[in-house]
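Take a look at this one chain, the form predicted on its own, written out in structure tokens.
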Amino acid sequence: MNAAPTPITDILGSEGVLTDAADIEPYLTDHRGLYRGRALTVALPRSVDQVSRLLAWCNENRIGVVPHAGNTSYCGGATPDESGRQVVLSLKRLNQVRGIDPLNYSLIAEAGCILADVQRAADEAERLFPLSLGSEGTCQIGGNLSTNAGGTSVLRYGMMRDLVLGLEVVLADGRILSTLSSLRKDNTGYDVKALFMGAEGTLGVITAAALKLFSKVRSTATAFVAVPGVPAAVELLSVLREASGDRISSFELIPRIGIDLTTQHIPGVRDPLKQKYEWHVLCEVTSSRASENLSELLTEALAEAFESGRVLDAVVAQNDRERAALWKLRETIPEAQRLDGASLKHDISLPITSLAQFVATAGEWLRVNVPEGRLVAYGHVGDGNLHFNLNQAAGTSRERFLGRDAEIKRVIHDMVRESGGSFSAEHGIGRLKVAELERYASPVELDLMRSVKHAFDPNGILNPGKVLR
């Protein structure tokens, strides 16, 4: 590996530029191993000023810049291309919580902060930052913002863009846009900051954010519930929202195969119920009042649902250890899928009322037409987001299974479109889904997106080949 270009070293100092091949290697492959690129160098700025100077230099010299956070993207959004002419920009050294204002229920965090550290900082201030992901121990706030991350609490708190009050962003030409205000109301023209959330680093590099905080959770009730099918799960969601006063924070659909995979491949995971059922829900009710007996509330609501036939069986966690065990089952399904073998993934969203029919229709098509695959449909029923995945069946050809990816994806995504849904619910576009965006977005929408891209990044240096091409 050649030494880094002198101008970049001059801007960042020798400690801010990786030149050794072994050090650069982790930045060249995406989380799922779908893409492997080459990089001119990896830049590790320590300040917003350094980010500004670096982008200005790259813009002047027409050098692509690939923002890199925790590398947990499922769509190759943080991986350089194969040209070797792009700079990977890691913000992991911009990792400070600049301030917390408990009375204003807000926090300012730099983009390189690990999500779990932001959660911890809020907790220490007797507040809650509610974004929760399986990768929260490694993913970074900048990546969460750039992909508009969702997670398990969207039902109650919204997606990442709903948790943002202001941003600090470095533009392609090096200018710094600072809208780090913690105001709840600010109607002063276009909401420019909103454009950067979900843009995956193609319009600017987010360096810090003012985030919304909430009252700390002081009582929780968690239940693992067997239901007759997806229609009953959707109905149960409505029942529990009403019974709890809309305090359901999570409502996760889990199929039989999800339990089978995790109990087979993940140490310490077990089926919470004595009898085997085909469909399950992991639900959680939370409150900021410690005196509330939410377990009693949830138990009574589930008992009524049992009488009406919406529930077949259930267990309510009696302590934090049991609650953690239930969540471990849910959160390790992706890892269990990986350990089980090849898989084809679809991150889709649908109107909640369309979920059951979609699962039935698309599931039947897969059963008849893809015998080499096993459907693993799980996810966030509360916000209509399903991970509609296929795992390779035992005794089948891996090459044939993976070779059908494009064909299967087309059928599934077309069905999603017909049901009024989206082919990308929370994982973004990255490099993987550029063609899908071109297929399903309207010509007007694509034209506007390309116009915005050109206005913000006329030389096309920011994360080239991602989202748009």
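Just so you know, these numbers come straight off a predicted model, no measurement behind them. A residue's number is simply how far along the shown sequence it sits, counting from 1.
The same protein also exists as the form predicted together with a small molecule; that form is not shown, yet it is the one meant from here on.
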Partner absent here, but in the predicted complex, which of 156 to 164, 223 to 231, 192 to 200, 383 to 391 has residues with a heavy atom within 4.5 Å of the small molecule? 383 to 391
Could you spot which one of Tyr378, Phe251, Phe129, Phe358 gets a heavy atom to within 4.5 Å of the small molecule in the predicted complex? Tyr378
Of Arg330, Arg310, His280, Arg374, the only residue with a heavy atom within 4.5 Å of the small molecule in the predicted complex is Arg330
Against the small molecule in the predicted complex, would Tyr105 count as a contact residue? Criterion: heavy atoms within 4.5 Å. no
Whether Pro334 contacts the small molecule in the predicted complex should be assessed with a 4.5 Å heavy atom distance threshold; does it? yes
Contact label in the predicted complex: Arg93 to the small molecule, heavy atom within 4.5 Å: no
Could you tell me if Tyr74 has a non-hydrogen atom within 4.5 Å of the small molecule in the predicted complex? yes
